[in-house]
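Next up is one chain by itself, shown in structure tokens, the form predicted alone.
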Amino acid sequence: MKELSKKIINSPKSKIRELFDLAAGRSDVISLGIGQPDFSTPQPAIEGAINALKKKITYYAPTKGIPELLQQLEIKLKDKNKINAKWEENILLSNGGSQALNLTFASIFNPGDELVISSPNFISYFYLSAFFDVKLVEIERKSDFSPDIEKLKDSITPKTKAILINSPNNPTGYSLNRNELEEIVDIVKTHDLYLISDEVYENYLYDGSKHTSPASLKDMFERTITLNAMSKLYSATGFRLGYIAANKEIIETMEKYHQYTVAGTNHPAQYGFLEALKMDNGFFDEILRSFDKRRLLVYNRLKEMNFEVVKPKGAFYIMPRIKEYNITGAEFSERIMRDQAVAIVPGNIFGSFSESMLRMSYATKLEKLEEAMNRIEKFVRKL
């Protein structure tokens, strides 16, 4: 048989999914691996999808999404994000935030283009870059996980096409402040770049942190690609619905790729998303308070165990450094799974500067987190 795709064969399977699969198969495992909220999807979202199925809405949806949902997203973007996007030409539905990223890479990059990110960062950015022959330029974050703006400026070359930000961030939990965002925006404008803004964790913010969508800033809508999803706010990862807001030319380019690859998104699920968007977001207040308790529990316990750890400002991840234990993140992850049945993602999958780190998701029940911390403490005592 002739050779299969080298790009795909040479890319490893997702370590996050590996841990998820292992945890799913064992009742004793506590998973701090996958980034999936643990609260129930709001009933209006479920009823919206059920009612669509009862009406036999099981045929192809319009490629960009049903008009009612696009119109509701226009309202959301204007009210929540201060982004003036027109539903007819600036918004497109995707199969989750993952496909929103895929559509972005397919639509703006040509082979040899360069993309700049702060590192550590979300794993998909690395492999999508490889799949689309994009040169990924990693800029090491500062010790508090903030972006190194000066190094970022120095990284720009004639081949740089875009900067990608993910704030609040997976895996570090860092949330950009307004000054940092404006400095990045200034670089984008100065060098005539695109800015890709992954905003799926926009609602998970702590300690007074505020989220600003860069597309809302002066002269930035035309050069910003805003990515978001239903998954995190509504705990609806299985609905597989995301969306993109961008200028008309980019959306039209995405629509072509969308047509010839997946043809559209889940039709009845779109009615669930529509009903979710009509809800008052007050339902999330108590959920966020719960996540904040978990954040502080994990941060304080890790600090007591002498991990070098930064308190997260957003999302639901924490990324401790483990240099003191003279072990890599990959070794730590493998051994604690075997010894204590705790699933933790090794830091090295998130870039070139995180071999001695771990990524923990605290999107699980408080009592399970407490038990996980107890098991981690038992493990590190042996080290």
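Since the model is a prediction, treat every value here as computed from it, not as a measurement. Residue positions are given as counts along the sequence shown, with the first one as 1.
This protein has a second form, the form predicted in complex with a small molecule, left out of what is shown; the following refers to that one.
- Contact annotation for the candidate site: Leu101, Asn166 and Ser231 all lie close to the small molecule in the predicted bound form (heavy atom within 4.5 Å).
- Only one listed stretch (144-152, 69-77, 200-208, 298-306) carries heavy atoms within 4.5 Å of the small molecule in the predicted bound form, and that stretch is 200-208.
- In the predicted bound form, the small molecule stays beyond 4.5 Å of every heavy atom belonging to His267.
- Although the partner is absent here, Ser213 is not a contact residue: none of its heavy atoms lies within 4.5 angstroms of the small molecule in the predicted bound form.
- Taking the partner from the other structure, the small molecule in the predicted bound form has no heavy atom within 4.5 Å of any heavy atom of Gly173.
- When the small molecule is considered in the predicted bound form, Tyr125 lines it closely, a heavy atom lying within 4.5 Å.
- Taking a 4.5 Å heavy atom cutoff to the small molecule in the predicted bound form, the contact residue among Arg240, Lys161, Lys135, Lys311 is Arg240.
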